[in-house]
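Next up: just one chain, as structure tokens, the form predicted alone.
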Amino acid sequence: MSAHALTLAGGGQGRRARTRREIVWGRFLSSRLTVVGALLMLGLIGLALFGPALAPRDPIAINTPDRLQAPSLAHFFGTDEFGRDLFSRVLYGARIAVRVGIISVVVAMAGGIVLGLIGGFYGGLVDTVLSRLLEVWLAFPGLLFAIAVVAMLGPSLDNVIIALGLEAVPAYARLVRGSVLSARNEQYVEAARALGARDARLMWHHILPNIIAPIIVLSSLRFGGALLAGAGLSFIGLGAQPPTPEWGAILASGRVYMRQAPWITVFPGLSIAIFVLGVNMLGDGLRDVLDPRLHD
């Protein structure tokens, strides 16, 4: 083939790649569910990045003369039982929520992708052993599994992140395994194998990039679940410890004052609800946007 023909072929492939990206981007923008979810997700990340700069006061500074003050211009969300500014505590809590969600998802994704790739690619005895291991893993209810891990490691935010990551590994492993089983016999894999590509290269450079869409969708959904579960574990005293401004811990401290000062539970509770809803909307929207079967 001449150099001119190769140039034309390369240009055509580039145009086709751009066209595919434009189609996906068009689907994304046309989905209100996805756009709203993405905006809420970006809002949460923005609060995590800039919240400390926007907070008017130190979130852990005790000021007993101002305790249990209702929302006002001086304290937008009111104050808690120690006189701490609730608005500042909620802003700082966004950073903790993002940290819990991102790191736990990365832990789960890393473990699940490795197990799923190995089991799905090699099959046979390897797949059987890994499948039985995942079935035992999944036999434990997710939240109870996380509680057990935190109970063994000790109550702390870092241990909550580890527990939530380990709890979600089987979900990623099963998803990746199923995708690999259908992708390992595709023509592009056979072509790479015929050219002498080793197993590791086949898995990481040929199969994984072609099954990344469902992993992205699952990660967006798991982020919301991790945010909610992390707040729940902190609420029962297994996560962030006082005076850390974590949303679940703020809820736990405010439940005693629900009649006297309901704002202590209302504002962190609304924050959890809004951002978990947004992340779930984004995940549902991405599933629709990235699923080619819905656009045939």
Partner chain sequence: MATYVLRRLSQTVIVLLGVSVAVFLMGQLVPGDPAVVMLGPAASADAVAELRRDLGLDESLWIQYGRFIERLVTEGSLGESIRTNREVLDEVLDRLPYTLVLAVLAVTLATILGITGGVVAAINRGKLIDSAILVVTTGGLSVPSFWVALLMIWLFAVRLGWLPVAGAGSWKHLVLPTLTLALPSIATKARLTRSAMLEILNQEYIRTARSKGLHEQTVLLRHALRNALIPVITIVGLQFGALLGGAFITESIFGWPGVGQLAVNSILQRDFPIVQGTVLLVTVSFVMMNLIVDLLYAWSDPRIRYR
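Everything numeric here is computed off the predicted structure, so don't read it as measured data. Residue numbers count along the first chain shown, from 1.
Although it is not shown, the form predicted together with the partner chain is what the next lines describe.
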Has each of 22, 46 and 175 got a heavy atom lying within 4.5 angstroms of the partner chain in the predicted bound form?
-> no
Check each of 54, 39, 70, 270 and return the one that places a heavy atom within 4.5 angstroms of the partner chain in the predicted bound form.
-> 270
Picking from 265, 63, 244, 31, the single residue whose non-hydrogen atoms come within 4.5 angstroms of the partner chain in the predicted bound form is 265
In the predicted bound form, segment of 113-121, 135-143, 199-207, 83-91 with a heavy atom within 4.5 Å of the partner chain = 135-143
So in the predicted bound form, does residue 148 come within 4.5 Å of the partner chain, heavy atom to heavy atom?
-> yes
Using a 4.5 Å heavy atom cut-off, state whether residue 276 contacts the partner chain in the predicted bound form.
-> yes
Any non-hydrogen atom of residue 240 within 4.5 angstroms of the partner chain in the predicted bound form | no
Within a 4.5 Å heavy atom cut-off, is residue 152 in contact with the partner chain in the predicted bound form?
-> yes
What residues of 220-237, in sequence order, lie within 4.5 Å of the partner chain in the predicted bound form by heavy atom?
-> 228, 231, 232, 233, 235, 236, 237
